[in-house]
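Shown next as C-alpha cells: one chain only, the form predicted on its own.
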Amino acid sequence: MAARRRQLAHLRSFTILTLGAVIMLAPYVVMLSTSLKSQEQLFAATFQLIPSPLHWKENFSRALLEVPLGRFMLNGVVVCAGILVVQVLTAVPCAYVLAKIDFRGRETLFAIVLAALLIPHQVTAIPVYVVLASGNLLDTFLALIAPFSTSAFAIFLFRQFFRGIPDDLVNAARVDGMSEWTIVWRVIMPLAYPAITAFSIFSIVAHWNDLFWPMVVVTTPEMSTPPLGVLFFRDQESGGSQGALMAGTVIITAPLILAFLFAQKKFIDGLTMTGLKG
C-alpha cells in the first residue's frame, strides 16, 4: 500500500508538472507555428499547427534583412552583460558582509535590502530619467545599464547562499592572513558559481525582455534593445505580415531558451543550494 501511494503521488506530481509545462510552452509553440505561415494561412478557416507548405524562409528572411535585427540583439547582449557584471561585482561583497561579518546594524541593513525588493524600478523611473537627461546621457548604453547596477535580489540570493558556507572555512582563510577582500574573491567567489549562474538567468531574462526602460531612454533605432526593436519592426517594416513579426520574435527569444537549456542544471543547483537560514 505504501509503494502504491508513492506511485500515485509521483503520477500526480508528474501530471501537474506536465500540465504546467504545456501551459507555459503553448504561447511559444503558437508563436513558432505563426512564424512558419503565410498571411493567407494565418486567417484560414482551420488551424494548422504545422502548416503546409511552410513559409519560414520568407518570414525569417524578412525578419533578418528588412530591419537591423542583428544590431538590436547586439545591443541586448551589451546591455545584459554590462548589467550582470556590475550587479555581481557589487552584490557579492555586500552579501558576504551581511552573511559572514558580525557588526551592529547588520540585520537592519538586511531588512532594508528586503524592503528594496518590494520597490519596482518603475517607481524611480522619473527621477532617474531627470538625472540622465540633465547629464545628456539619454540614448546611450550607460542610460540602459546604470539604473540597474545594483540588485537587491542579487544581494539577498547571494547572502542566503553564503550563509550555507561553513564559518570554519572563512576563519581558516583569516588565520592564513587573507584580508576580507581577498577572501571574497579567492575563497567565496569560486564557491558561489551555482548561485551566480542562477542569478544570471534571472538577470539576463529580465533585462533582455525589458521594454519599459528602453522606451523611456532610447530615442533612435540604433540603440534599441530586442523588445524595442520588435516594436520598430512591427510599426515600420512588417506591415500586415504577422508571420515575419513572429519570426523576428522567435529569433530574439531563442537565445534565452538555449541559455537556460545549457545552464539548467547549475540554475537548479543554485536555487536548491541557496540556504534557507535566517
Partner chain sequence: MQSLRVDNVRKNFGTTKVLRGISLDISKTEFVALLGPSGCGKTTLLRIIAGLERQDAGSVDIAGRCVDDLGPAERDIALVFQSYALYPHLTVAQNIAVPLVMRRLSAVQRLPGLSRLSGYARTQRRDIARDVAQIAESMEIGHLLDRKPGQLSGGQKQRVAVARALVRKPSILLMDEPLSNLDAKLRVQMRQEIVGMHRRHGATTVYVTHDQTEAMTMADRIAVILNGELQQIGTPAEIYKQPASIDVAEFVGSPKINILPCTLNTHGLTLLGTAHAGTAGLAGASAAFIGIRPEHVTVDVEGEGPTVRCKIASLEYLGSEALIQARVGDSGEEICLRTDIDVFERAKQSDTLKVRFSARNMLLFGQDRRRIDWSAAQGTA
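Nothing here was measured: the structure is a model prediction, and the numbers come from that model. Numbering follows the first chain given and starts at 1.
The same protein also exists as the form predicted in complex with the partner chain; that form is not shown, yet it is the one meant from here on.
Site residues 171, 182 and 187 are all in contact with the partner chain in the predicted bound form, judged by any heavy atom within 4.5 Å. A single residue from the set 81, 131, 178, 111 has any heavy atom within 4.5 angstroms of the partner chain in the predicted bound form; that residue is 178. Screening 191, 137, 85, 74 for any heavy atom within 4.5 Å of the partner chain in the predicted bound form leaves a single hit, 191.
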